[in-house]
Every structure is written in structure tokens, then in C-alpha cells.
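Only one chain is given next, in C-alpha cells, and it is the form predicted alone.
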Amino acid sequence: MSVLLKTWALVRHTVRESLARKTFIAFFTISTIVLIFMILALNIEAVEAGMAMVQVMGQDINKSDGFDIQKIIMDIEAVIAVVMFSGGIFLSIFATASLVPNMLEKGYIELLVSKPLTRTQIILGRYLGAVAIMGLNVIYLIGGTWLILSIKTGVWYQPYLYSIPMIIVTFAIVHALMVLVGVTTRSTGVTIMVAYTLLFLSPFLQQKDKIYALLSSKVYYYLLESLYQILPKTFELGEMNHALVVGRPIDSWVPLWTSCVVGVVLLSSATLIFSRKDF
């Protein structure tokens, strides 16, 4: 129990540090602006014959005109889920990339390792703190938009909420790579570049067979295949997120499970390297 309490204390310390550096506040502010925009952009009122008039972005949509309100709301939520998946992870990388390099600064790390904490607890606490910062904002934004749309339209489309765990899990996997890079290089800039490079490469690696068809050497096939297997499959996780929200069947869960395994390996490697460093 004391191990869990110590790890939890480090998670809270990381969140408080994020508050002090205004990272969490910036996330919260952006999310709040989006929610206010949703409140102002969507209006619904009753009209004669019990029909509903929905106004989205100033455009009137009347159910009596043959529009399917539920389909429209589902489409809106699907767009938000896609934007939040890519945009949320993009901003989260920038906001949390400095957490490990800052921890390794002279004076800070000596203070941490002097405490009755294991190296594993230190890394895990820092990692979970970053995921918590991102997760709280995702829950606030996705949950808030869902409540606004549902209350105003009466359409309670629950699959939209599946995007919450998908976005958090995807960021957790990406952040495991960031922790490894941060521990190895102690550089915030390098950590950001590696994470963004992963997001950039992922859609190309997903199309590796088509790319290989344009190349001549077998070496390129093995290179592309190796990168595809050892890197998190963020593009495919984004496609799965969209499929869950729109209610489309998932063809295969393999990208999720393999990416989770890669995340565990990356975080374990970061912990091992950190445990062997001399401070």
C-alpha cells in the first residue's frame, strides 16, 4: 500500500507542477473556450406540431424538412472526436514533453532520489502524472460537449464517449516513447521532435505495402516492416477511435494490443535506463 501511496504522491506532485507552469490551466482554458463555443453555436427550440428546430452555426435545421437530428448530432460528435484525437495528442505532446527533462535537471533529480522512493516509482509517478493531466482535460472536453449536445438536442449518443479511453490510451502509449527519449537525451526539444515524427510516420507506415511496391530493394521492405512493428500505430488507433464513435465495426483490434505492448516495452526500457543512471 505504501508503494501505491508514494506513486500517487508523485502523480499529484506532477499535476501540481503542471499547474504551477500553467500547462494544466492552458489545457483547461482551451477546453472551456471550446465548450462555450458549442453552447453558443447550437440552439434548439420547439416548433409547431412537436417538431424541433435545431440551429447549428447559425443554420436552421428542421426535422420536418426531412433531416435526421440524431444523424446530424452523431456527425458533429464524430468530427469533435477526430479533432480531439489528433489535436489533443498534438497539444499534449508539447505540454508534457518537458516533464522528464525538467525532472533530470541538476538539483531536482538529486532531491527526488534522496527520498525513500525507488527509481521505478519516480518514473511511473511522472508518467502517470502526465497521463492524468491529459486525461482530465479529455474527460472535461469530451464529456462536456456530450452533455451540451445531448441536453440541447435530446440525442444521448453514448458511443461518442468511447473516444475518451481511446484518446487517453493512445496518448499513454505515445508518452511512453517520450519518457524513454527524455530519460535518454534529457532534452525537451528532442522529445517533441521524436513524438511528432512518430505521428508523421504512422500513416505512411500503415501504407507500407503500397510504398514498398514503388521501391526496388528488399531492404526497404524489411526497414518499413520493422518500423511498423516496433512503433506505436497511432494512425490506426485514430481510425479505430472514429469507427467506435460512428458505430462502425472494428476490423481488427491487433493495432491496439500491439501498440499497448510497445508502450509497456518503451516505458520498461525507460525505467531500466533511469535506474542505472548515476545521480
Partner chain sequence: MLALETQDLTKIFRSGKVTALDGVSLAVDTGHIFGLLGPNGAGKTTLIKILLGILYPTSGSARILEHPLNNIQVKEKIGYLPENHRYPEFLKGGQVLDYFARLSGVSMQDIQKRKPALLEMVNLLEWQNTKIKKYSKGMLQRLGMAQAMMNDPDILFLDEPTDGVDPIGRRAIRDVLRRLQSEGKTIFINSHLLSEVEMICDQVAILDKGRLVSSGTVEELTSPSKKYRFQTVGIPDDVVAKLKPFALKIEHYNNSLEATCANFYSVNDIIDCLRANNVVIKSIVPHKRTLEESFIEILKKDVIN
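Residue numbers count along the first chain shown, from 1. The term rigid core refers to the maximal set of C-alpha atoms that superpose within 1.5 Å between the two forms. Predicted, not measured: the structure shown is a model, and the values here were computed from it.
The discussion below concerns the form predicted in complex with its partner chain, not included here.
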- Task: Answer yes or no: in the predicted complex, does its partner chain come within 4.5 Å of a heavy atom in every one of R12, E17 and L117?
- Result: yes
- Message: I'd like to check something about V113: if you look in the predicted complex, is any of its heavy atoms closer than or equal to 4.5 Å to a heavy atom of its partner chain?
- Response: yes
- Message: When the contact criterion is heavy atoms within 4.5 Å, does T185 count as touching its partner chain in the predicted complex?
- Response: no
- Item | N102 within 4.5 Å of its partner chain in the predicted complex, heavy atoms | yes
- Query: Looking in the predicted complex, any heavy atom of Y108 within 4.5 Å of its partner chain?
  - Reply: yes
- Message: Tell me which stretch of 73-81, 158-166, 117-125, 141-149 has a heavy atom within 4.5 angstroms of its partner chain in the predicted complex.
- Response: 117-125
- From first to last in sequence, which residues of 240-279 have any non-hydrogen atom within 4.5 angstroms of its partner chain in the predicted complex? S275, R276, K277, D278, F279
- After a core superposition, would you say V265 shifts its C-alpha by at least 2 Å between this form and the one not shown? no
